[in-house]
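The chain that follows stands alone, in the form predicted on its own, written as structure tokens.
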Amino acid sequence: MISRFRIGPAVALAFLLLGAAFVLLPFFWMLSLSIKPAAEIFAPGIDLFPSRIEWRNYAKAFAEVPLHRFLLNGVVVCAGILVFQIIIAVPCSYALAHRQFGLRWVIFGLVLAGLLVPYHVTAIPVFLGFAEIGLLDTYPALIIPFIASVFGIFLFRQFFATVPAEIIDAARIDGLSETAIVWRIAFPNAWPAVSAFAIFSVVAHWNDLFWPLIAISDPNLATPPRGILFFRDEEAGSDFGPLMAAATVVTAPLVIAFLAAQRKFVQGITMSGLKG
């Protein structure tokens, strides 16, 4: 009996390590290729570790394309989208959680239905509309289509539903307006949900290639995934060393941000999805 209880956790740990290795292997291979000499990248066989570290791949990554510009564009676009998403989603979710009005559940049902619609479905109408008003090849073209997030409304609504109604009623008795309650009471208490949503939003839009590939042709406005495509040369082929170095630089901020906010992320997901 004792041995069985000891074997169980050991087997579970072994599966977890195997799964982690399977997930992390592509990232490790990307990092390995980013510091390998060009001759070793195409050498027969698989060597996980380079014979010598080729740091020039990172220098070439910044020299061949304006990688710093792509990173800056990614920060501007992701920050702009996140700010507007919070400004829109927080009041909407508060109203769905703590305001009584007609068709409240119908609207919440539409929000849930909106979660089932991929944004690729609306890409062509949005593209044609932006083309008509001359908004393509601009920062707003990258930001505006995503400022209303049904996932954000759902996530914050689930979190606000856990806030006791007595707190909201006490704030109303003290004379606070509904807007003040949203931003001075509800929002400060929703930081775990905000952290979780911020990670979802930033990762999704930092890695998005589909919409920037459609809406942007100006290299100066390219986001990181769109910018990496400029390493591709139809005549000479891709320079895989600098390409993998650029991919590592693009991926690193997301990994660092998630590791820094993982506790808030888990807390936000745990507290936001359990109460209807």
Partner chain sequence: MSSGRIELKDVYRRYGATTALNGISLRIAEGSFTTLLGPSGCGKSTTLRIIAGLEPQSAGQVLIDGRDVAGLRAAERNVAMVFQSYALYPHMTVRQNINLPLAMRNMNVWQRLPLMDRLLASARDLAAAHRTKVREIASLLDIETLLDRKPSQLSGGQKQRAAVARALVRDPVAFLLDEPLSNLDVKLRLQMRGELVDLHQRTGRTFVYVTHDQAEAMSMSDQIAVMMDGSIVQSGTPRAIYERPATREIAAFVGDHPLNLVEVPARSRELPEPFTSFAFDTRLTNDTVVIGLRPEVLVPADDGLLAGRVARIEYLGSEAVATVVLAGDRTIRAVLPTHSVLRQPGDEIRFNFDSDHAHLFDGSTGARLKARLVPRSPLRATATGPVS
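Residue numbers count along the first chain shown, from 1. From a predicted model like this one, the values you see are computed outputs, not experimental measurements.
There is another form of this protein, the form predicted together with the partner chain, and it is not shown here; the text below is about that form.
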* **Contact flag, residue 169 vs the partner chain in the model of the complex, heavy atom cut 4.5 Å** => yes
* Would residue 134 count as touching the partner chain in the model of the complex under a 4.5 Å heavy atom rule? -> no
* To do: Report whether the minimum heavy atom distance between residue 175 and the partner chain in the model of the complex is within 4.5 Å.
  => yes
* residue 162 within 4.5 Å of the partner chain in the model of the complex, heavy atoms -> no
* To do: Mind telling me which stretch in 105 to 113, 78 to 86, 182 to 190, 144 to 152 gets its heavy atoms within 4.5 Å of the partner chain in the model of the complex?
  => 182 to 190
* Asked: in the model of the complex, which residues of 75 to 111 put a heavy atom within 4.5 Å of the partner chain?
  -> none
